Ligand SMILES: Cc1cc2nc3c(=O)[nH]c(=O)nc-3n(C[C@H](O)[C@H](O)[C@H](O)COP(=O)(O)OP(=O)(O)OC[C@H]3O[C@@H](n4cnc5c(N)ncnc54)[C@H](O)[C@@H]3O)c2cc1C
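We begin with a single chain expressed as structure tokens, specifically the form predicted alone.
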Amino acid sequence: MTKFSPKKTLLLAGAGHAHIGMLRRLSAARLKNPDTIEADIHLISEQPQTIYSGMLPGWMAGHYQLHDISIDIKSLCVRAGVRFIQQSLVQVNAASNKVVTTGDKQTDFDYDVLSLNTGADTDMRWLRDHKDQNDYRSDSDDSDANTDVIAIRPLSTFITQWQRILKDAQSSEKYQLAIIGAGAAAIELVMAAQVALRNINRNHQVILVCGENLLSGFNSGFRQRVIKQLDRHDITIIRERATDYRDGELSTTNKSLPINAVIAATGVIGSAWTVSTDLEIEGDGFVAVNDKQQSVSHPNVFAVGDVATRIDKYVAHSGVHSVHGGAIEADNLLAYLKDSIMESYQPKSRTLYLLSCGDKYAIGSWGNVNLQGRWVWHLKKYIDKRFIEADKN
């Protein structure tokens, strides 16, 4: 039995990829020995279920049911011996080892060690009506801020809004949807949306507004394969910057288009709670961490996934790094509790990336090697389902 002296409190804030892995590890450990970890562990999450973002486009296109892409966090906590707290994180006061949450009422929670895996918010600074483009939270007190655009995050809210889009499209003769973004997430969304809307009515159309830097983080061969798939789906590409959307009109640098709905997949900025925290924050509101996923300002705080940014090297915000970095972070959390040596997360130079193309077709990238086909989609499905169903085995 691992002994902690004195008994400490580990608080897990958020239910992202990393914390799901942590819960599964704790659950497996308890099956072998119920007394393996002698610590009070609590998890705070706004929702009792987590939507797996890697399978969201497949759900949008109709390949999966909602339960196929959901992980029951509350049940996983029970199996792991972790107390589940359904609240929203609103403040982290690291100097006093305290977090503040809100739900039915505002509550304070003390901790000895804190792990943050809360994700981030959609970057909406492209909207013209924001007052200061240099302030990543400039809209926080702007009562006139645009609320017509549908942000991809949080996923739980997007799920409801996508269902409303489908309902509106059912009663429309020609529904026009625009997706704003230039990254892989926007590409997957636009092809999934086109498949779904064209299944309702062949006159429906999805438009991608991506600016000039489409898929800038990928090699040219991969980009060309993606562009061919967008063309195969008859998706209109506007290589201009979106500036505003209101009253059914989407404005870009040189155009104004009649659009029924707009979805923003425009990258991420820090969650609202990062504005007032005393943790060291870097860039657009991300918790600054070292190679051990440990806060550079408060060593008993760890952060992983989209909420964090490495200060020693560039690590992209992606599910791959959240899973692999989260595994290292889980080890480090337990090592920190035991005053043991922690390990570094060193991202691999090449990672497998699989991009779904809407209709059970996918493109794969491994370094400079690019492949595509239906078999690539089935490979992605296998990997995704293995992650979703890991705690059921």
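All residue numbers are counted from 1 along the displayed sequence. It should be emphasised that the depicted structure is a prediction, and the values quoted were computed from it without experimental measurement.
One more form of this protein should be noted, the form predicted together with this ligand, which is absent from this view; the next part is about it.
Comment: 150-158 is the region of 150-158, 75-83, 219-227, 248-256 lying near this ligand in the predicted complex, near meaning a non-hydrogen atom within 4.5 Å. The closest non-hydrogen atom of D68 lies beyond 4.5 Å of this ligand in the predicted complex. In the predicted complex, this ligand sits within 4.5 Å of a heavy atom of T50. Of the heavy atoms in D331, none are within 4.5 Å of this ligand in the predicted complex. Of the heavy atoms in P57, some are within 4.5 Å of this ligand in the predicted complex. For the options R125, R239, R310, H317, the residue carrying a heavy atom within 4.5 angstroms of this ligand in the predicted complex is H317. Checked against this ligand in the predicted complex, the residues Q205, S295, S322, T277 give one hit for a heavy atom within 4.5 Å, which is S322. Taking this ligand as it sits in the predicted complex, the stretch 216-248 never comes within 4.5 angstroms of it through any non-hydrogen atom.
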